[in-house]
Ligand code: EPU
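What follows is a single chain, given as structure tokens, in the form predicted on its own.
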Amino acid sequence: MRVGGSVRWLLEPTSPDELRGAYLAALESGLPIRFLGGGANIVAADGTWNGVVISSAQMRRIFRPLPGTSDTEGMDAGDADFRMAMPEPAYDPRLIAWAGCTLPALVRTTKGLGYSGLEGLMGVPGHVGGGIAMNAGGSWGDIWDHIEFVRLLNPEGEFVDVPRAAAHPTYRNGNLNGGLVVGAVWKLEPAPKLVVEARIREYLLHKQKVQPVTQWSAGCVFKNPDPERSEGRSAGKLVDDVGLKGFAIGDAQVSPLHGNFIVNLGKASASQVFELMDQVQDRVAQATGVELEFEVKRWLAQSQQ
């Protein structure tokens, strides 16, 4: 979104062990803690936040598990010297990615290996950690659909491996119970590389037609409501029906292309974005009786929490 202020402490670990060390140090400091991935669905308040932000953006590794290892044994691997002994990808179509890996990089890796299942993530600008935490997805499915297990750092600072069957992810909620994503193992479907590439291109072209992908935004602002309450209308359709496409406060504008996006035209402030989000939510509720729930995470100042 390109808005927001600064933070007193920013920690950028490069591995799972460094992440745990950063978290334990932050706990010991007694300061409030927030976790940051790519920031794709976060709007942070203006001003300086007096706390600790731990970013996983430097934890970018993507690799195949070692031959003959279980999923949990493979999570901490990734040394380049084992690759000469790796079998053909189709024999073990698993892939491991740490939390800071970008979703486009993950999709490009699957294309190169000939793995299908994550093509719909192309064009989603977030990171693995945030995508798992919010169960990112679309008409193609959800990010959890092909996950075997996720490694979390729990609130006590311990690593915990959670199989998909035990996580029970729901719509835009990875159901992590306060845990921080360290990484995940996917089991995908072998497919011809040209087929995977064609599917990626199809999803990307569709997204470019219907979403303001070239403008500064934080993705979809609202979760789609229960179809029974909204008469089958999505959040974007409700905003459109109320006539709010193009409505702006300063340089914060409801996208004329898609009603569920707020874009920064260049000089928007976080306070303008927050005010626009609140006004859109209120006007839709007054006109339709449907109170939309925020999908975007709002990092408010201490005085607003």
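In this text, residue numbers run from 1 along the sequence as written. Predicted, not measured: the structure shown is a model, and the values here were computed from it.
Although it is not shown, the form predicted in complex with the ligand is what the next lines describe.
Using a 4.5 angstroms heavy atom cutoff to the ligand in the predicted complex, all of 137, 207 and 259 count as contacting. None of the heavy atoms of residue 65 is located within 4.5 Å of the ligand in the predicted complex. Residue contact with the ligand in the predicted complex: residue 116 places no heavy atom within 4.5 Å of it. Residue 171 belongs to the set of residues with a heavy atom inside 4.5 Å of the ligand in the predicted complex. Although the partner is absent from this view, residue 179 stays clear of the ligand in the predicted complex, with no non-hydrogen atom inside 4.5 angstroms. The partner is absent here, but in the predicted complex a heavy atom of 223, alone among 199, 146, 111, 223, sits within 4.5 Å of the ligand. Stretch 207-215 is the contacting one of 95-103, 162-170, 207-215, 191-199, since its residues have non-hydrogen atoms within 4.5 Å of the ligand in the predicted complex. Along 239-257, these residues reach a heavy atom to within 4.5 Å of the ligand in the predicted complex: 240, 245, 257.
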